[in-house]
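The form predicted alone is given below as one chain in structure tokens.
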């Protein structure tokens, strides 16, 4: 039995947007090399909480985060922590594919360049290839690395954004509804990819699709009205939820 390693620990996390209390008292341990799904109705706080994990909420002036969040035991909200460095460790993939208006190569090379992770063009080439391979995109783009990333199909663009996120060798990958803008075939490719990525990363995915959560995750957290109602093994949450609110959501009575 593997000893489960806690990667991120959230302790009594509260989030306020001005007067609005969006997240209430969330306690959760996110494990390493595991896919954790956040599910719940629209507006329940799952994306807001996800954005706390790499301090994306810092960019919203009215937003205030209280409580504790640690990555490998270190407080990520400590004033000495540089959010830019944090986001190299905790990568993020958004709902809509958002490649930079640059070449495929430069999209992936961007992070390693700004963080000074490579010493030569040969090393950078290697990182770009490895990242595109990890994102199951290399074979499709290897002959047109200088073509614009925006010229790829939606599913390829999303895999390019995943390659861009993994290029800085993050430890955690956050994904905010990464398949909601994709067709079923592209969705299946990204889901397969998520399963492979967890060998090296802790992956946290927000999804509105319960089927997707059931397919890709080992742990599931159910949010409702800003509260973390229930968190546990995905199979247990879907087959034998402990809280009646979870059961109502899973059987389609709320949502």
Partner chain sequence: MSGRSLFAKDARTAARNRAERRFRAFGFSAILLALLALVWLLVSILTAGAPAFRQTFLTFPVTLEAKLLDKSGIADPAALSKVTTTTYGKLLAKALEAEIAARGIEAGDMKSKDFAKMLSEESAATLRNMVLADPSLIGQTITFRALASGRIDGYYKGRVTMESAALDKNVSPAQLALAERLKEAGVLTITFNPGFLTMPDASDKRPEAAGLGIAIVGSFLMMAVVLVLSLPIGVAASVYLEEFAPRNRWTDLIEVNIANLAAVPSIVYGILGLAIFINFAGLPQSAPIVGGLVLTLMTLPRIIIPTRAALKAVPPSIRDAALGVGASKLQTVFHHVLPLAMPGILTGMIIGLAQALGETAPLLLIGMVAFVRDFPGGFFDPAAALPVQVYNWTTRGDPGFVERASGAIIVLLAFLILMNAVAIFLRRKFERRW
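Residue numbers count along the first chain shown, from 1. Predicted model only: the values in this text are computed from it and were never measured.
What comes next is about the form predicted in complex with its partner chain, which does not appear here.
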Considering non-hydrogen atoms and a 4.5 Å limit, does its partner chain approach residue 102 in the predicted complex? yes
Flag residue 131 as yes or no: does it have a non-hydrogen atom within 4.5 angstroms of any non-hydrogen atom of its partner chain in the predicted complex? no
Contact of residue 114 with its partner chain in the predicted complex (heavy atom, 4.5 Å): yes
I'd like to know if residue 122 sits close to its partner chain in the predicted complex, meaning any non-hydrogen atom pair within 4.5 angstroms. no
In the predicted complex, segment of 177-185, 162-170, 137-145, 123-131 with a heavy atom within 4.5 Å of its partner chain: 162-170
Heavy atom within 4.5 Å of its partner chain in the predicted complex: which residues of 188-216 qualify? none
